[in-house]
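One chain follows as structure tokens, the form predicted on its own.
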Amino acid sequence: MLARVANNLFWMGRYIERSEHIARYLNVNYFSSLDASNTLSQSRQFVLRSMLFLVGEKIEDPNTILNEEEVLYKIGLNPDSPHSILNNIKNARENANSARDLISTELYESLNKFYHFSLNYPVDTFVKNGLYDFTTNITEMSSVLRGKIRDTLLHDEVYAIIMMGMNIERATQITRIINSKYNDALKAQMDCGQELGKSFEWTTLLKCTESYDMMRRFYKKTPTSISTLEFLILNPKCPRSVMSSLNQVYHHILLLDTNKYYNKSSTAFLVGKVRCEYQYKHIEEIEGDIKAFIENILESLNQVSIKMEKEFFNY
């Protein structure tokens, strides 16, 4: 296949995964605030700042008053905002168009439906009372797309490239969500005196990643900072964890790089190195300096993506 087409498949997978995580973050944060245990987490301004923080727009001035409808529109349906859900879905479809002959009709039709749903969703409805409906549909349609990828494509190089994109993006978005909720937990600690390790934000974090029920089943206790971070970063059995995503990337890259002995400059070598680094970490190392971990893992994932594009998708 052409390197350009492979690149389109890779980014199609990334944009699908990114749109889902942003949508779920909006949904969970907005509605979890209604049940929050402290007044800060219940604050709408606090929630809106958290949403913007996730997409890379940190509001430094504490006196800035955010308009709820403007923030929701910007992250959800603004065609001029590069990180909006609508733009991510649009980019996923455009990349699919460029690789139309390599994907199934069923997958393309589902992606096309996904795009037209978001494009035609009424903006006034979304910013006033349609947040739950819109974001729930986005997450459900994303699951349908993953099912179409898994069940209608040959499990060959095309499938491997899409899955590598999705899993790199999943690890990246999970790390960004951890960063955002850790930032919220620090603010709650300073404002309300809430103990960091037992902050309500850890529960919200697990719900943002669809991992709350399974975390409770695994640990059989109320979420704390250590158990939450360990589950979402290091637990290979959690499908949303960083470790699980790295394992999937490593598994699929072996279909593209079949060399028995890897060159130190190869993508496969770098993925294996990053994977092993976190495979043998323990949570106390990470909890001691969460900010450093977040910076390191995001940098590692970025390096993997850049090296992968240079080795396989350069044209």
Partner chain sequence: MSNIENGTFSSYLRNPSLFDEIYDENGSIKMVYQKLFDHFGSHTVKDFVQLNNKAKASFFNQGITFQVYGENETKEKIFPFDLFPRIIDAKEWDIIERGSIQRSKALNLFLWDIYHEKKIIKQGIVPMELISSSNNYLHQMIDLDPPGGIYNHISGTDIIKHSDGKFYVLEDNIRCPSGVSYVISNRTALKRALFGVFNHYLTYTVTDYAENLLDLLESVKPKGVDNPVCVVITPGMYNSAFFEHSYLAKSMGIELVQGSDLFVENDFVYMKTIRGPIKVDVIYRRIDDLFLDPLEFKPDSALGVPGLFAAYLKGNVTLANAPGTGVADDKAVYTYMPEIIKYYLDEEPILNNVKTYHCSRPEELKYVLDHIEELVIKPVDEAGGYGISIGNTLTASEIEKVKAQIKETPRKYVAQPILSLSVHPTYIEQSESFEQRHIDLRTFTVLGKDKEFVLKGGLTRVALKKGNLIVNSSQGGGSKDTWVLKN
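Positions refer to the first chain, counted from 1. Since we're looking at a predicted model, the values are computed, not measured.
One more form of this protein should be noted, the form predicted in complex with the partner chain, which is absent from this view; the next part is about it.
>> Just to confirm the contact call: exactly one of 165-173, 99-107, 122-130, 208-216 touches the partner chain in the predicted bound form at a 4.5 Å heavy atom cutoff, so which is it?
In response: Only one stretch qualifies here: 99-107.
>> Each of A6, L255 and T258 within 4.5 Å of the partner chain in the predicted bound form, by any heavy atom, yes or no?
In response: Checked in the predicted bound form: all three residues contact the partner chain.
> Taking 4.5 angstroms as the cut-off for heavy atoms, does T222 touch the partner chain in the predicted bound form?
Replying inline: Judged by the heavy-atom cut-off of 4.5 Å, T222 is well away from the partner chain in the predicted bound form.
>> Although the partner isn't part of this model, could you tell me whether T136 comes within 4.5 Å of the partner chain in the predicted bound form, counting any heavy atom of the residue?
In response: T136: no contact with the partner chain in the predicted bound form.
> Does D151 reach the partner chain in the predicted bound form if we count a contact as any heavy atom within 4.5 Å?
Replying inline: Answer no; every heavy atom of D151 is more than 4.5 Å from the partner chain in the predicted bound form.
> Is Y115 a contact residue for the partner chain in the predicted bound form, using a 4.5 Å heavy atom cut-off?
Replying inline: Output for Y115 is yes: heavy atoms within 4.5 Å of the partner chain.
> Which residue, R93, K187, K74, R146, has a heavy atom that falls within 4.5 Å of the partner chain in the predicted bound form?
Replying inline: Here the answer is residue option R93.
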